[in-house]
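As a starting point, one isolated chain is supplied in structure tokens, in the form predicted alone.
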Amino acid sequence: MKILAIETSCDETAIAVLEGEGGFENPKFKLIANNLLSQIEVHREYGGVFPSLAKREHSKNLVPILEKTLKEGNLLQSTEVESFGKKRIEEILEREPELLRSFLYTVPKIKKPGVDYIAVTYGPGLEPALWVGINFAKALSLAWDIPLIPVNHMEGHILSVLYDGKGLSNSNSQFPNKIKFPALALLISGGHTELVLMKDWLQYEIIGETQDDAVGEAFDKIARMMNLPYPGGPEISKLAETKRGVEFENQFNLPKPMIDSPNCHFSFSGLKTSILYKIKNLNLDKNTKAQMAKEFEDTVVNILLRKTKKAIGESNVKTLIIGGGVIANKEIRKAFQEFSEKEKLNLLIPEMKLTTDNAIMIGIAGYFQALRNPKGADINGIEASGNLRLI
């Protein structure tokens, strides 16, 4: 099964083509082509993602990235321009005039590619950004008569661990790519911090989630407090790294909100507020920033580990999955690797290049959704859902 996947949930415009086989019993994936364009530089001056700019950039970049991806996958063939539902496509893309012009100029000249499904993220994420990708996918589905599969972005992060990284530059896959059920997924990103129990394929139960800030959001907010560049997470980690291996006592005694609560929920707002008040009374030189960064990072690792251990203790978990952008953090990765080795857990973490938002993970999730619903979805019923949850 070949899938053309589209991801526009936030500030990455991504399109990939991959091939899946083996069904639910023995899933395997081959990457045919993959392209991603980050908008970090566009949003840097705002200190975060600006939704209207993200929407504009997606509209501008989707068609060129589609062409590039099809060409790299040897799927780009020219054809004579024919009538292909132009009026309906104009209706679908009427709110993205730049995308519509680019689409009508380019896509009618492209022969229907040899893919079985188109998969697209429909949530969660920034709704203006989601709508661009969804409407683009709808228009392609109509133009080429290819079934459309809507994909939950967080399901993509979970299932990204099933791709072994072959075809990605500098790939170094370290973990087996088999999920043994029941499995527990810790999803940590700029918008999410949640623990998800998987009893079987495509069956999810959220058993813990943040009550306020997501962990990635906390990294970015604290980086802004210390006048570090956006995105803040990597900057915090760079500073913290300079204090690794240096013996000293913790200076700031940072709180660990909800760490001893009887549930598996998280809270990072109190930690953020504590740092805000401490910073007001400090001379924020490089050394102090590095010390604060290390203590904050250590506190986050402690909280994530403690809550994950609690969730594992309450279920007969055989596989631990960790997905989302924050698992690119070296200390969090290291801590969970050591924990899983000690507990003899099957740990699955995505390749570093797949921790960020990407279309490969959307294609993988689309593969499983297509197995469950071979006819695809009614395109008229697919809508952006910024707060979509896993169910």
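Numbers follow the displayed sequence, beginning with 1. Just so you know, these numbers come straight off a predicted model, no measurement behind them.
Quick note: we don't show the form predicted in complex with a small molecule, though the next part is all about it.
(message) Only one of P150, G156, G73, G190 gets a heavy atom within 4.5 Å of the small molecule in the model of the complex. Which one?
(response) None of the other options qualify; the answer is G190.
(message) Looking at heavy atoms inside 4.5 Å, which stretch does the small molecule contact in the model of the complex, given the options 199-207, 136-144, 229-237, 113-121?
(response) Flagged stretch: 229-237.
(message) Quick check on D164: any heavy atom within 4.5 Å of the small molecule in the model of the complex?
(response) Output for D164 is no: heavy atoms all beyond 4.5 Å of the small molecule.
(message) Does any part of D213 reach within 4.5 Å of the small molecule in the model of the complex? Heavy atoms only, please.
(response) No.
(message) Since only the chain is shown here, I'm wondering whether G324 would be in contact with the small molecule in the model of the complex (any heavy atom pair within 4.5 Å).
(response) Yes, contact at 4.5 Å.
(request) Evaluate S59 for contact with the small molecule in the model of the complex, applying a 4.5 angstroms cut-off between non-hydrogen atoms, and reply yes or no. (result) Because no heavy atom of S59 falls inside 4.5 Å of the small molecule in the model of the complex, the answer is no.
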